[in-house]
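Next up: just one chain, as structure tokens, the form predicted on its own.
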């Protein structure tokens, strides 16, 4: 009976990989001037900050309820606008929908380019244009949502079953019918899941966009930090945490039902 010899993986590869990771971490720490000594020296300051934060100003909850609702509204509108715009771009980016490489490569390039810009930078760019308020925040979230949803959605479209599409082509369906009755029914649940996932992220992002003047609870956070009112800072953090946990729980339940 012939026995199959299993070749052991080379230890050299693992050792080289480990050394490479160590060198990268060491070089990063050296160039960013990070050390355990500085972390140790900063611990007393951290203790002082925590001491000033506790107990939180519970009465402040009433004052920040409206800005928190504004933050949620920003996330809702921004995610909706971004999600709508993402649909045609995702279709144009899918090689099984658009068979012309130049078109879907250009669509993917635009999508990838937009996704590289963080939402905080987008908000900082929109504030000088539209002024301090919620509109810059909504626009920043819209662009950010578009990048996420379009990327995930086009990848889902490219994995659909080609059978229904080939059958529709055989009976003479045009491109619009092909998309509405062959593509969309197969990916609509995925799209809803990606939309909710983006909404979860945007709730967290909207909470800090106000820090650069884009409205919402972030404005109050910036003011509280500026006036060293750390008990109010902790109140805002707790309020934001509660909202994010509730939204995440509801969103996860809906996504589980959809997929």
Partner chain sequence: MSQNQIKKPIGKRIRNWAIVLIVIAIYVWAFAGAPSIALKDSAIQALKAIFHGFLHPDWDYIYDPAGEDLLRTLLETLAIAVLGTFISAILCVPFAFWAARNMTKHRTLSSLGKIVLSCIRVFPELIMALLFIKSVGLGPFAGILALGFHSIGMLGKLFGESIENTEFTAREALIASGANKLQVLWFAIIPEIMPAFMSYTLYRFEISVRSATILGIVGAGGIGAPLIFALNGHSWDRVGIILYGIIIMVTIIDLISAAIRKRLV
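Heads up, when I say rigid core I mean the largest set of C-alphas that superpose within 1.5 Å between the two forms. Numbering follows the first chain given and starts at 1. Small disclaimer: the values here were computed from a predicted structure and weren't measured.
There is also a form predicted together with the partner chain; it is not shown, and the following applies to it.
Enquirer: Check whether residue 190 has any heavy atom within 4.5 Å of a heavy atom of the partner chain in the predicted bound form, and answer yes or no.
Expert: Output for residue 190 is no: heavy atoms all beyond 4.5 Å of the partner chain.
Enquirer: Given that the partner is absent here, does residue 116 sit within 4.5 Å of the partner chain in the predicted bound form, heavy atoms only?
Expert: Contact with the partner chain, yes.
Enquirer: If you check in the predicted bound form, is residue 88 within 4.5 Å of the partner chain, heavy atoms only?
Expert: Result no; residue 88 lies far from the partner chain in the predicted bound form.
Enquirer: Look up in the predicted bound form whether residue 32 has a non-hydrogen atom within 4.5 angstroms of the partner chain, and give yes or no.
Expert: Yes, residue 32 is a contact residue.
Enquirer: Within 4.5 Å, heavy atoms only, one stretch in 98 to 106, 161 to 169, 130 to 138, 176 to 184 touches the partner chain in the predicted bound form. Which?
Expert: Single hit among the candidates: 130 to 138.
Enquirer: By the heavy atom within 4.5 Å rule, which residue out of 77, 156, 92, 110 makes contact with the partner chain in the predicted bound form?
Expert: Of the listed residues, the single hit is 77.
Enquirer: Counting only non-hydrogen atoms and a 4.5 Å cut-off, give the residues of 16 to 46 close to the partner chain in the predicted bound form.
Expert: The stretch 16 to 46, when checked against the partner chain in the predicted bound form, contributes 24, 25, 28, 29, 31, 32, 34, 35, 38, 39, 42, 45, 46 at the 4.5 Å heavy-atom cut-off.
Enquirer: Once the core is aligned, does residue 245 move its Cα by at least 2 Å between the shown form and the other one?
Expert: Superposed on the core, residue 245 moves its C-alpha less than 2 Å between the shown form and the other one.
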